[in-house]
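As a starting point, one isolated chain is supplied in structure tokens, in the form predicted on its own.
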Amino acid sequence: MPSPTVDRAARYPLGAGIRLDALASDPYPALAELRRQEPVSWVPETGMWFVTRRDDVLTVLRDPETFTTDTPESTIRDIFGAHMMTTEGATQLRYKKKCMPPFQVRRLEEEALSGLEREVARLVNGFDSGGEAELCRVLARPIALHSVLSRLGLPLDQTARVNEWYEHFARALANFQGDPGLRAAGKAAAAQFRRALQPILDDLSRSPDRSLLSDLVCDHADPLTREEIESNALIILFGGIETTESMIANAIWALLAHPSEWGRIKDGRVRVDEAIEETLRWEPAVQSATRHATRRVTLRGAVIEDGEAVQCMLGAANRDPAHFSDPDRFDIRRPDAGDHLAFAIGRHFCLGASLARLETRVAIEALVDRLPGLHLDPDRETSPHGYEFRKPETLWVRW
């Protein structure tokens, strides 16, 4: 009698042929084939189901009772604990409601914009006078670190330490081969963060400011526990660095890789905000959203067993021709670019979406204003890379 794995490999041959290293290089051709022929497919290399059509992705993400994030099997829960991305129902809504105010557009414009503009100007002014720079290192990562630390209420003199912790988090969460050493290092870094946070929370309880941690630690009506504050701060910290750095870098790369589109930004024919939505659709920083089945369920003929993991492939959904015309073409004038799922949808829609958009807009505007003749370095590879989290490994430019 063949094993279930063998049966699935025979039934889903395209999924059986998926290799993560190939997806990391260029995921879109393979995902397009899955979308056409095996829209819900078992991928043995991940031990998960891939869902690639936009309608099916929406079905999964809009049904947290059937497809949940609340499971001990979650790697992100193992590293960071129970927080707004690894809980459901009233608990998840409570966490998100508590953490949302500092990330609302009005408060960002009032409290974060001017400081962000000063920081970006400082970074760009500090570029090497030789007319070249690697923008991930000197712009995208520093912007992301500065913004998320400022919103959380963490001291900016802790930037280097936070960056070191982040590197351990990123390796642990991208550890699809299950290396126990990487997971242990990620958990150790999270424990260090929790210890370092205690005196900061004590200081904020005595001298509150308008930061998120201040809001949380000074909430006496319905307070979160210290552990809950720490866990939610951890996921906000990670997401505020990883996804924002990648979003900034991907947007700059996509525009510079299409000089005619960059030209439309420079001469004001297309607003930067519109261009950002198309880069989110065309090359999202986060390529998938993982959920776990709470019961045996059939999706487009595929039988998904209770407890099995489902990866909603956001990059595939964003290029679904059933919704987007000529979806592989990068077009910053696309009228429906904002229909992308780069920030997911529903209760787990990205908390920091507005902040990430603001950071990316300010970065692009500064490059347009301050670096005439900006273009990709033709002698260095700059294309995005990655299966789960996707961005250029380096982004060398000249001007």
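Model, not experiment: these values are computed from the prediction. From 1 onward, residues are counted along the sequence shown.
Beyond the structure shown, there is the form predicted together with a small molecule, which is absent from this document and is the topic of what follows.
- For the residues Ile229, Met313, Val148, Val120, the 4.5 Å heavy atom test against the small molecule in the predicted bound form is passed only by Val148.
- Ile235 is the sole member of Val217, Cys136, Ala275, Ile235 with a non-hydrogen atom within 4.5 Å of the small molecule in the predicted bound form.
- Proximity of Gly239, Ala342 and Ala356 to the small molecule in the predicted bound form is complete: all three residues have a non-hydrogen atom within 4.5 angstroms.
- Screening 78-86, 266-274, 292-300, 158-166 for residues having heavy atoms within 4.5 Å of the small molecule in the predicted bound form returns a single hit, 78-86.
- Contact check for Thr243: a non-hydrogen atom falls within 4.5 Å of the small molecule in the predicted bound form.
- Not displayed here, the small molecule is approached by Val286 to within 4.5 Å at the level of heavy atoms in the predicted bound form.
- Among heavy atoms of Lys96, some come within 4.5 Å of the small molecule in the predicted bound form.
- For the chain shown alone, Arg347 is a contact residue for the small molecule in the predicted bound form, at least one non-hydrogen atom being within 4.5 angstroms.
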